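Just one chain is shown here, as C-alpha coordinates, and it is the form predicted alone.
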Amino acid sequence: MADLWTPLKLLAWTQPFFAGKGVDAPRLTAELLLAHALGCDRVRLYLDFDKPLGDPELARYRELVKRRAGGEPTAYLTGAREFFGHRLAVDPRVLIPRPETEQVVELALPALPEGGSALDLGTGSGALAIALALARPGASVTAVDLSPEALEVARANAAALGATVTFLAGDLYGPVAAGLRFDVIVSNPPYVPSGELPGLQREVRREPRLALDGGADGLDLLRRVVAGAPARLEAGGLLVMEMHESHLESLPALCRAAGFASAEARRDLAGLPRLTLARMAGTAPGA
(Lines give C-alpha, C1' and ligand atoms only; values in the text may rest on other atoms or scores of the structure.)
Protein backbone atom coordinates (compact mmCIF):
# COMPACT_ATOMS: atom_id res chain seq x y z
CA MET A 1 0.00 0.00 0.00
CA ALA A 2 1.42 3.35 -1.06
CA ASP A 3 1.24 6.85 0.33
CA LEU A 4 -1.98 8.86 0.20
CA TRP A 5 -4.24 5.88 0.61
CA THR A 6 -7.82 6.99 1.19
CA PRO A 7 -10.76 4.89 2.43
CA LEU A 8 -12.14 4.65 -1.09
CA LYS A 9 -8.83 3.48 -2.55
CA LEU A 10 -8.32 0.97 0.24
CA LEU A 11 -11.76 -0.54 -0.26
CA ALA A 12 -11.25 -0.68 -4.03
CA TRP A 13 -7.97 -2.56 -3.46
CA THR A 14 -9.20 -4.89 -0.73
CA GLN A 15 -12.42 -6.08 -2.34
CA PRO A 16 -10.80 -8.03 -5.19
CA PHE A 17 -8.00 -9.16 -2.86
CA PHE A 18 -10.54 -10.73 -0.50
CA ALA A 19 -12.51 -12.17 -3.41
CA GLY A 20 -9.38 -13.89 -4.62
CA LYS A 21 -8.83 -15.36 -1.16
CA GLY A 22 -12.37 -16.74 -1.03
CA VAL A 23 -13.55 -14.37 1.71
CA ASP A 24 -17.34 -14.11 1.90
CA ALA A 25 -18.91 -10.70 1.19
CA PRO A 26 -15.54 -9.12 0.33
CA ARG A 27 -16.78 -5.52 0.09
CA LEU A 28 -18.73 -5.65 3.36
CA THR A 29 -15.83 -7.37 5.09
CA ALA A 30 -13.42 -4.69 3.90
CA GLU A 31 -15.77 -1.95 5.13
CA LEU A 32 -16.17 -3.56 8.55
CA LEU A 33 -12.45 -4.02 9.02
CA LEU A 34 -11.55 -0.54 7.81
CA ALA A 35 -14.18 1.07 10.03
CA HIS A 36 -12.81 -0.92 12.96
CA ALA A 37 -9.23 0.11 12.17
CA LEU A 38 -10.27 3.77 11.99
CA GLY A 39 -12.55 3.63 15.03
CA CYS A 40 -15.62 4.81 13.11
CA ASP A 41 -18.79 3.43 11.55
CA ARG A 42 -19.21 2.42 7.92
CA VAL A 43 -21.10 5.62 7.06
CA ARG A 44 -18.09 7.70 8.11
CA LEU A 45 -15.92 5.81 5.60
CA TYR A 46 -17.92 7.33 2.77
CA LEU A 47 -18.23 10.75 4.32
CA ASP A 48 -14.42 10.82 4.52
CA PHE A 49 -13.86 8.73 1.39
CA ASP A 50 -11.04 10.97 0.05
CA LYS A 51 -9.28 11.71 3.36
CA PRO A 52 -5.65 10.46 3.32
CA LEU A 53 -4.87 8.00 6.09
CA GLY A 54 -1.81 8.01 8.31
CA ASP A 55 0.73 5.23 8.77
CA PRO A 56 -0.70 3.97 12.11
CA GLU A 57 -4.16 3.63 10.58
CA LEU A 58 -2.77 1.84 7.54
CA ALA A 59 -0.76 -0.51 9.73
CA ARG A 60 -3.83 -1.46 11.77
CA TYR A 61 -5.81 -2.12 8.61
CA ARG A 62 -3.01 -4.13 6.96
CA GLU A 63 -2.87 -6.41 9.99
CA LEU A 64 -6.63 -6.95 9.98
CA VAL A 65 -6.65 -7.71 6.24
CA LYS A 66 -3.80 -10.18 6.68
CA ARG A 67 -5.54 -12.00 9.52
CA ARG A 68 -8.90 -12.12 7.71
CA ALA A 69 -7.27 -13.48 4.56
CA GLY A 70 -5.67 -16.10 6.82
CA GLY A 71 -9.05 -17.34 7.95
CA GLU A 72 -9.85 -15.45 11.15
CA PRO A 73 -13.57 -14.56 11.31
CA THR A 74 -14.47 -10.92 10.84
CA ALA A 75 -16.46 -10.84 14.09
CA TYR A 76 -13.44 -12.01 16.09
CA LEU A 77 -11.29 -9.32 14.48
CA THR A 78 -13.76 -6.53 15.20
CA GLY A 79 -14.84 -8.04 18.53
CA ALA A 80 -18.54 -7.58 17.84
CA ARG A 81 -21.57 -8.96 16.01
CA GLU A 82 -25.06 -7.55 15.57
CA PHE A 83 -27.88 -9.83 16.71
CA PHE A 84 -31.57 -8.94 16.80
CA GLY A 85 -30.69 -5.25 16.72
CA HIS A 86 -28.16 -5.48 19.55
CA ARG A 87 -24.39 -5.25 19.38
CA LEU A 88 -22.81 -8.24 21.12
CA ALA A 89 -19.17 -8.61 22.04
CA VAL A 90 -17.73 -11.86 20.67
CA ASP A 91 -14.33 -13.51 20.75
CA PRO A 92 -12.90 -17.02 20.30
CA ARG A 93 -14.51 -18.14 23.57
CA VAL A 94 -17.95 -18.19 21.93
CA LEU A 95 -19.74 -19.14 18.74
CA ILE A 96 -20.47 -16.15 16.50
CA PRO A 97 -24.25 -15.50 16.41
CA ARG A 98 -25.78 -16.02 12.96
CA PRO A 99 -28.65 -14.09 11.37
CA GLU A 100 -30.55 -17.38 11.01
CA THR A 101 -30.60 -17.78 14.79
CA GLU A 102 -32.67 -14.60 15.09
CA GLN A 103 -35.60 -16.72 13.91
CA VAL A 104 -35.42 -18.63 17.20
CA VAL A 105 -36.19 -15.36 18.99
CA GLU A 106 -38.95 -14.44 16.54
CA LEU A 107 -40.67 -17.80 17.02
CA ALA A 108 -40.25 -17.85 20.80
CA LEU A 109 -41.47 -14.33 21.60
CA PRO A 110 -45.20 -14.93 20.93
CA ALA A 111 -45.10 -17.72 23.54
CA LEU A 112 -43.33 -15.58 26.14
CA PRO A 113 -45.76 -13.23 27.91
CA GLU A 114 -44.73 -10.27 30.06
CA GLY A 115 -44.15 -11.81 33.46
CA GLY A 116 -43.45 -15.17 31.83
CA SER A 117 -40.27 -17.22 31.95
CA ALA A 118 -37.71 -18.48 29.44
CA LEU A 119 -34.73 -20.82 29.55
CA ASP A 120 -31.81 -20.67 27.09
CA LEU A 121 -29.71 -23.84 26.99
CA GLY A 122 -26.16 -23.42 25.68
CA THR A 123 -26.28 -19.63 25.72
CA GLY A 124 -22.76 -18.95 24.39
CA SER A 125 -22.48 -15.19 23.86
CA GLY A 126 -25.91 -14.78 25.49
CA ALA A 127 -27.51 -13.83 22.18
CA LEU A 128 -30.84 -15.63 22.59
CA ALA A 129 -31.31 -14.95 26.31
CA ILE A 130 -30.42 -11.27 25.98
CA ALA A 131 -32.68 -10.74 22.96
CA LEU A 132 -35.61 -12.33 24.83
CA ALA A 133 -34.92 -10.36 28.02
CA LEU A 134 -34.75 -7.04 26.18
CA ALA A 135 -37.90 -7.77 24.19
CA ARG A 136 -39.80 -8.88 27.32
CA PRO A 137 -38.41 -6.79 30.19
CA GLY A 138 -40.97 -8.22 32.62
CA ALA A 139 -40.06 -11.84 31.90
CA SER A 140 -37.69 -13.99 33.94
CA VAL A 141 -34.91 -15.27 31.68
CA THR A 142 -32.40 -17.94 32.69
CA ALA A 143 -29.41 -18.98 30.59
CA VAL A 144 -27.12 -21.99 31.01
CA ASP A 145 -23.75 -22.88 29.54
CA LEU A 146 -21.17 -25.54 30.24
CA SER A 147 -18.27 -23.22 29.41
CA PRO A 148 -17.18 -20.77 32.13
CA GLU A 149 -15.37 -18.78 29.44
CA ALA A 150 -18.54 -18.40 27.39
CA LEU A 151 -20.47 -17.30 30.47
CA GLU A 152 -17.94 -14.52 31.05
CA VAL A 153 -18.75 -13.17 27.59
CA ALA A 154 -22.51 -13.59 28.06
CA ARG A 155 -22.56 -11.84 31.44
CA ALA A 156 -20.56 -8.93 30.04
CA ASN A 157 -22.92 -8.62 27.09
CA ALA A 158 -25.99 -8.63 29.32
CA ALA A 159 -24.47 -5.96 31.58
CA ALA A 160 -23.49 -3.77 28.62
CA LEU A 161 -26.98 -3.96 27.12
CA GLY A 162 -28.91 -3.65 30.36
CA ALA A 163 -30.53 -7.09 30.06
CA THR A 164 -31.62 -8.90 33.21
CA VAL A 165 -30.64 -12.55 32.79
CA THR A 166 -29.79 -15.21 35.38
CA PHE A 167 -26.72 -17.08 34.15
CA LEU A 168 -25.97 -20.59 35.43
CA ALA A 169 -22.88 -22.72 34.85
CA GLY A 170 -23.51 -26.36 34.12
CA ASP A 171 -24.74 -29.04 31.77
CA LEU A 172 -28.14 -28.26 30.23
CA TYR A 173 -30.88 -28.64 32.86
CA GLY A 174 -28.44 -29.68 35.59
CA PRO A 175 -27.98 -26.30 37.33
CA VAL A 176 -31.66 -25.27 37.02
CA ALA A 177 -33.56 -25.47 40.31
CA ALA A 178 -35.71 -28.58 40.67
CA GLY A 179 -39.37 -28.00 39.90
CA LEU A 180 -38.81 -24.74 38.03
CA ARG A 181 -40.88 -24.57 34.84
CA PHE A 182 -40.79 -22.20 31.88
CA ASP A 183 -43.13 -20.87 29.23
CA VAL A 184 -40.40 -21.14 26.61
CA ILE A 185 -37.18 -23.09 26.23
CA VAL A 186 -34.80 -22.09 23.44
CA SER A 187 -31.56 -23.70 22.39
CA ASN A 188 -28.93 -23.39 19.69
CA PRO A 189 -26.76 -26.32 20.78
CA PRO A 190 -23.90 -27.93 18.87
CA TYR A 191 -25.60 -29.85 16.07
CA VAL A 192 -23.01 -30.34 13.32
CA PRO A 193 -22.34 -34.06 12.71
CA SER A 194 -18.75 -34.77 13.74
CA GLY A 195 -17.84 -36.06 10.29
CA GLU A 196 -18.71 -32.71 8.72
CA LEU A 197 -16.45 -30.61 10.93
CA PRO A 198 -13.31 -30.97 8.74
CA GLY A 199 -15.30 -29.74 5.73
CA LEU A 200 -16.59 -26.59 7.36
CA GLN A 201 -15.31 -23.23 6.15
CA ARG A 202 -11.97 -22.42 7.71
CA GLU A 203 -13.52 -19.43 9.50
CA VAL A 204 -16.09 -21.66 11.17
CA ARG A 205 -13.37 -24.10 12.23
CA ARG A 206 -11.85 -21.26 14.27
CA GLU A 207 -14.95 -21.23 16.50
CA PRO A 208 -15.16 -23.36 19.66
CA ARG A 209 -15.52 -27.05 18.80
CA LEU A 210 -17.62 -27.43 21.96
CA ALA A 211 -20.24 -25.19 20.32
CA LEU A 212 -20.20 -27.02 16.98
CA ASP A 213 -19.74 -30.78 17.45
CA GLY A 214 -23.09 -32.53 17.83
CA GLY A 215 -21.75 -36.09 17.72
CA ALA A 216 -22.03 -38.71 15.02
CA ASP A 217 -25.47 -37.64 13.79
CA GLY A 218 -25.48 -34.13 15.26
CA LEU A 219 -28.22 -35.02 17.74
CA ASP A 220 -26.22 -35.80 20.89
CA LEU A 221 -27.17 -32.58 22.69
CA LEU A 222 -30.52 -32.13 20.97
CA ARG A 223 -31.70 -35.53 22.22
CA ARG A 224 -30.98 -34.44 25.78
CA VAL A 225 -32.61 -31.03 25.31
CA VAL A 226 -35.78 -32.73 24.04
CA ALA A 227 -35.80 -35.47 26.69
CA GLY A 228 -35.57 -33.00 29.57
CA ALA A 229 -37.93 -30.36 28.22
CA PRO A 230 -41.38 -31.82 29.11
CA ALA A 231 -40.54 -31.78 32.83
CA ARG A 232 -39.41 -28.15 32.54
CA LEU A 233 -42.19 -26.63 30.45
CA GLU A 234 -45.52 -25.22 31.57
CA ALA A 235 -48.73 -26.55 30.02
CA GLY A 236 -48.80 -25.28 26.44
CA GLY A 237 -45.12 -24.40 26.72
CA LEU A 238 -42.92 -24.09 23.64
CA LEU A 239 -39.51 -25.54 22.80
CA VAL A 240 -37.60 -23.87 19.94
CA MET A 241 -34.33 -25.40 18.74
CA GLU A 242 -31.91 -24.73 15.93
CA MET A 243 -30.83 -27.86 14.08
CA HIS A 244 -28.88 -29.32 11.16
CA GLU A 245 -30.76 -29.69 7.89
CA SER A 246 -30.41 -33.49 8.17
CA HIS A 247 -32.67 -33.36 11.25
CA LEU A 248 -35.74 -32.35 9.22
CA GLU A 249 -37.65 -35.50 10.15
CA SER A 250 -35.68 -36.97 13.03
CA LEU A 251 -35.86 -34.05 15.47
CA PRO A 252 -39.64 -33.46 15.26
CA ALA A 253 -40.07 -37.23 15.65
CA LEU A 254 -37.93 -37.20 18.80
CA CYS A 255 -40.14 -34.42 20.19
CA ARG A 256 -43.36 -36.32 19.55
CA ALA A 257 -41.87 -39.47 21.08
CA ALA A 258 -40.90 -37.45 24.18
CA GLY A 259 -44.53 -36.44 24.76
CA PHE A 260 -44.94 -33.14 22.94
CA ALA A 261 -48.42 -32.60 21.55
CA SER A 262 -47.03 -31.19 18.30
CA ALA A 263 -43.68 -30.70 16.63
CA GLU A 264 -42.72 -29.26 13.27
CA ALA A 265 -39.63 -28.17 11.38
CA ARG A 266 -39.29 -24.66 9.99
CA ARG A 267 -37.05 -23.37 7.21
CA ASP A 268 -34.66 -20.45 7.51
CA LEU A 269 -34.40 -17.48 5.16
CA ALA A 270 -32.28 -19.54 2.77
CA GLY A 271 -34.96 -22.22 2.59
CA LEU A 272 -33.03 -24.78 4.64
CA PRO A 273 -34.77 -26.73 7.42
CA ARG A 274 -33.05 -25.17 10.41
CA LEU A 275 -35.52 -25.00 13.30
CA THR A 276 -37.89 -27.25 15.19
CA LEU A 277 -40.83 -26.02 17.28
CA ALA A 278 -42.45 -28.39 19.75
CA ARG A 279 -45.42 -27.53 21.98
CA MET A 280 -46.72 -29.22 25.10
CA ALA A 281 -50.38 -30.04 25.47
CA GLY A 282 -52.57 -27.59 27.33
CA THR A 283 -53.07 -23.85 27.26
CA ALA A 284 -50.12 -21.57 27.84
CA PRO A 285 -50.55 -19.00 30.63
CA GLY A 286 -51.89 -15.73 29.20
CA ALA A 287 -52.94 -17.35 25.93
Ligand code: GLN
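So that there is no doubt, residue numbering starts at 1 and follows the sequence shown. Everything numeric here is computed off the predicted structure, so don't read it as measured data.
We do not show the form predicted in complex with this ligand, though everything after this point is about it.
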{"item": "Stretch from 185-193, 158-166, 83-91, 130-138 whose residues place a heavy atom within 4.5 Å of this ligand in the predicted complex", "value": "185-193"}
{"item": "Heavy atom of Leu95 within 4.5 Å of this ligand in the predicted complex", "value": "yes"}
{"item": "Residue contact check: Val176 to this ligand in the predicted complex, 4.5 Å heavy atom", "value": "no"}
{"item": "Interface membership of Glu31, this ligand in the predicted complex, 4.5 Å heavy atom rule", "value": "no"}
{"item": "Exercise: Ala111 in contact with this ligand in the predicted complex, heavy atom 4.5 Å", "value": "no"}
{"item": "Single option in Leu107, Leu146, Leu212, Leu77 placed near this ligand in the predicted complex, where near means a heavy atom within 4.5 Å", "value": "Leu212"}
{"item": "Joint contact, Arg181, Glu234 and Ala258 to this ligand in the predicted complex, by non-hydrogen atom at 4.5 Å", "value": "no"}
{"item": "Contacts with this ligand in the predicted complex, stretch 238-275 (heavy atom within 4.5 Å)", "value": "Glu242, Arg274"}
